[in-house]
Structures are given as C-alpha cells and as structure tokens.
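This document starts with one chain, in the form predicted alone, laid out as structure tokens.
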C-alpha cells in the first residue's frame, strides 16, 4: 500500500499539482513568475553560489535527460570500463559543484541580514529539498556505484511507464533505499515548483539571445 502511494500516486499528484497551480499562478499572479532575485541585497556570495549551483545541476540534469531519451546508448557506452569511469566521475564532479553551490546559497540566506529579511519559509523548504536531492544522488553514486547503468536499466523504464499512464513500480523495487529517496525528493521538488521561486525555470527568457539590441539611456534629474 505504501509503495503504491509513493511510487504510483505521489508522482501523479506532484505532476498534476505542479501543472494546475503553475497555470493558476501565471494567470492570477503573473508578476510573481520570477526568481525574485536578491542580487541587489547581496551579490558576491550569490555570484559564486548561484554559479556553482547552476553549472553543476544543469549538467547533472542534462545527463539524466539524455539517459532517459537513449538508455540503450548509455548502457552501450558503459560496456567499456574506461568510458564508465569517465561518465561516473564527470557526473560526480558536477554533483559536487551543485552541492557546494546550494550550501553556499543556504549560508547566504542564513547569514546576510538583508537577504534573511526577505527569505520565506518556502525558500527554506525548497532549499532543503534541493539539498536532499543532491546529497542523496551523491551518496548513491559513492555507496552503490555505476548509477548511470541502473538508472538506464531500472529508473528509466519506471519513469516511462508513468508517462504512458501504466506505472510499473516493480522496476525500482530492487533499487537501494537511498536511490528511492533520491527519486522521491526529486518528485517533491516538482511538487514545490509552482509554490516557490523555482517557478522561474518555466519562463526562462531565452528570446533575449536573438532580440534586437536595445539602447539604454540613463535619465537623471538635474542633468542637461
């Protein structure tokens, strides 16, 4: 019963809530659809923490996404020990960068008086789940090894079964408990997405890269 809830009911509940609440928030509170940046309050530690976090987590997510699309290619790549070591090591390095970044961001929110004043409970809840997500991924990689292979052979079929509306939790049943916590924390981050500042990932202004250049003129009073 618990397994059915955690690995069948909970994924769908998280996804439905993320979509529905995300649409409602965009409709009713469109100006809250941002990261609510605190850069003006403190910039130096944000620069390093955010940089490490984004570089690390984006590469990790890209690796997960590629493995989800072409799991057979990942298994074929891992058939050679050297290539397996390179893949595992690069993933671990990126995850460690993300870990240092999220810890730095948490320290910043706890120690900077200006940033602390605008930090909400949801900010801490989100940071805690992101920290749990990264930590469990690193712990799984170090303790059980070759996660890229069993992610492709077990987790991917399970995730695809969810998308096909035919959930098959038996694929992840043999996985270690830390890997299951990693999966559940990831689902929790999806659930929290529309309720937190993380919602900004849904509206990344990528069109800035190809829009026409704009001329910005400072208008200061008293100057002629």
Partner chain sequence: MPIIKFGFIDPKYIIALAPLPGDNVFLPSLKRLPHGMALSWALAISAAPAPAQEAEAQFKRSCMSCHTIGAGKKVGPDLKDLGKRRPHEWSARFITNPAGLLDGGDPIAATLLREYNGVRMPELGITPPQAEALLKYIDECTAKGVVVGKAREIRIPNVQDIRIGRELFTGERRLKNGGPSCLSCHSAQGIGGFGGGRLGPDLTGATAKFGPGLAGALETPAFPTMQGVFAKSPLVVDDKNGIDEPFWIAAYLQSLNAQPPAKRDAAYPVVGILGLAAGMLLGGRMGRKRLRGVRKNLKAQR
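Numbering follows the first chain given and starts at 1. Model, not experiment: these values are computed from the prediction.
One more form of this protein, predicted together with the partner chain, exists but is not displayed; see below.
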The partner chain in the model of the complex has a heavy atom of only one listed residue within 4.5 Å, and of 52, 183, 192, 67 that residue is 52
Is there a non-hydrogen atom of residue 171 within 4.5 angstroms of a non-hydrogen atom of the partner chain in the model of the complex? yes
I'd like to know whether residue 59 contacts the partner chain in the model of the complex, with contact meaning heavy atoms within 4.5 angstroms. no
Is residue 136 close to the partner chain in the model of the complex, meaning a heavy atom pair under 4.5 Å apart or at it? no
According to a 4.5 angstroms non-hydrogen atom cut-off, is residue 112 in contact with the partner chain in the model of the complex? no
Within 4.5 Å of the partner chain in the model of the complex, which residues of 62-90 have a heavy atom? Give them in sequence order, or say none. 75, 76, 79, 80, 81, 84, 85, 88, 89
